[in-house]
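Next up: just one chain, as structure tokens, the form predicted on its own.
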């Protein structure tokens, strides 16, 4: 008898995305509720329908209704698998959601206040609607649990009022998927692999022997590279000055929403728009993006003791030949190495991890 479908959910701050996979892990359908909190929209495959989505509860209901309209009831599912941004120090592998695991996800809310509450809302809504339906969780931080302490720890004292201030790393589901799928191209997994996830959020990961040993994002997804609207690497003294001058909330908004490619270009956070603009500001933003990737790549290469291959993934990594070529040009000093384009398959990775959990 064929296995029932697996629904993968990613509940974010302004959208809820879902992908449906059959028992063979072939994708069947995508449904997205976007613009949550404003003029919303439901997308089912290529079809779009405007719909007011004033809050996440409404968006979840609309998503489940859209699934039902496609002939799929929650009771028809094998399980629901969630992408969870932060698993903290304890949730370092995919987990079947139990009351204890749910409590541990809730404990990580202070580490990811913009994300984990929405993940929990989706988990709770499903538990209320289909209490017997298994739910699983994959954590964006889990892939980086192998980073050694010397790379993970900030040079801060051990004080009881500073819990959790350490480098966690993110985009872990993307990197785990890349490690699994790259051998289909390279026929083996390179021992010292520099992986680049480049999209609106961007990070690098040093993957040594299939495991993360360093990454550019740290305590939060704000750190590391120049991103779509995030500042990336910035001196702590500059952050303190921003907070002093503008206040905490305004400084937080500037660093997360008004900086990066958008702040440098004064035009857009979308790399496609910047490439087409060809203005001095847009060109500076593009060069800043590539320069800091290549510069921080040196740190990743050092963490691995060398370089055997580079892999690009994410929206920019997969689709912008100009960006890839510029980064490779800036990395010529590292010698000759193969480079690969690996399509991001995060939802598939999450479905696979859930399927494995329920089979054991």
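Positions refer to the first chain, counted from 1. What you see is a predicted model; the values in this text were computed from it and never measured.
Separately, the form predicted in complex with a small molecule exists; it is not shown, and the next lines address it.
- Checking 218, 201, 263, 134 against the small molecule in the model of the complex, a heavy atom within 4.5 Å turns up for just one residue: 201.
- Proximity to the small molecule in the model of the complex, taken as a non-hydrogen atom within 4.5 angstroms, holds for one residue of 307, 53, 42, 316, which is 316.
- For the chain shown alone, residue 246 is not a contact residue for the small molecule in the model of the complex, no non-hydrogen atom being within 4.5 angstroms.
- The small molecule in the model of the complex comes within 4.5 Å of a heavy atom belonging to residue 270.
- Taking the partner from the other structure, the small molecule in the model of the complex has no heavy atom within 4.5 Å of any heavy atom of residue 252.
- By the criterion of a heavy atom within 4.5 Å, residue 296 is excluded from the residues contacting the small molecule in the model of the complex.
- Residues with any non-hydrogen atom within 4.5 angstroms of the small molecule in the model of the complex fall in just one of 192-200, 162-170, 96-104, 280-288: 192-200.
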